[in-house]
Ligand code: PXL
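To begin, one chain is listed below as structure tokens, in the form predicted on its own.
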Amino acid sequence: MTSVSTGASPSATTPAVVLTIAGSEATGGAGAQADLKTFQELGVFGIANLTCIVSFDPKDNWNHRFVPVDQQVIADQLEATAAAYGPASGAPSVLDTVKIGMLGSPATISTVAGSLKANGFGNVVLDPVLICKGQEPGHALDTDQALKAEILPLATFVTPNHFEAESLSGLEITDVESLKAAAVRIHELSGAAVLAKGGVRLDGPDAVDVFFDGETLEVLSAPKVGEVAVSGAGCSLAAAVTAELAKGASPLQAARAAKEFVTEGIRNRVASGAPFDALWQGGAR
């Protein structure tokens, strides 16, 4: 696969380089693990800088067990990645595209925001993870507010799910029209391209998402594959957008390709002993 970077132009054998700043999810269905598998499937060189370690607790209704990575360790990872692949590195394929996944605390948000500002990435894809199931409510609220204040303004592309789109827009989403309104509102607040995901949360036979970038509003629809959300779908969608942008796609092209990628991954999902299935990033094959 020939890749086109937004920085220096790599050859046919030199892939575009992308970074995910996200948590590790122990079952492999979501988080940085899902991101790296998506990057590999889509032909880009993926790097993961970890912000936290998340594992599900089968003895407590499969709630999250959340352990943050030390702030200095996060800063060290970001420093090493920028030195190796950033604009000053001399690397043939400059890192210009980054995905933001679960950050998990206001301190981590501040650390990551500082790195984003210092490195000036051309594409910042934000998967706005606003809730960690089982997290203490006050801490979760502080994290949500910090994410909106410090990371959202730096994003160039945002991929909120139904709950996150309601939280970011302040609108109740009950159908496709209100999903469109939420996408427009989030764009107005952030200036970013938005792919607001209705998924299985909206009634009807199709999983519907809405793209809006300030000019183009497009409804992306595919038949639902089951009626239950699948682990890793949101992570993989944002990672697919990230990969496609790094290869030179427009935001709308990236959204369309990511929708197709995730639909096939859900159709070829992986079952486990957990009360949820996981998307398989190789599903399109």
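Owing to the predicted nature of the structure, the values given are computational and were not obtained by experimental measurement. Heads up: residue numbers just count along the shown sequence, starting at 1.
Form predicted together with the ligand: not shown, discussed below.
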Taking 4.5 Å between heavy atoms as the contact cutoff, choose which of L42, A30, A48, A254 touches the ligand in the model of the complex. A30
From V129, I173, I109, V208: within 4.5 Å of the ligand in the model of the complex by heavy atoms is V129
Which of 51 to 59, 255 to 263, 218 to 226, 241 to 249 sits within 4.5 Å of the ligand in the model of the complex, heavy atom basis: 51 to 59
Would you classify C235 as touching the ligand in the model of the complex, given a 4.5 Å non-hydrogen atom cut-off? yes
I'd like to check something about A182: if you look in the model of the complex, is any of its heavy atoms closer than or equal to 4.5 Å to a heavy atom of the ligand? no
Would S24 count as touching the ligand in the model of the complex under a 4.5 Å heavy atom rule? yes
Using the partner position in the model of the complex, report whether A155 sits within 4.5 Å of the ligand, counting heavy atoms only. no
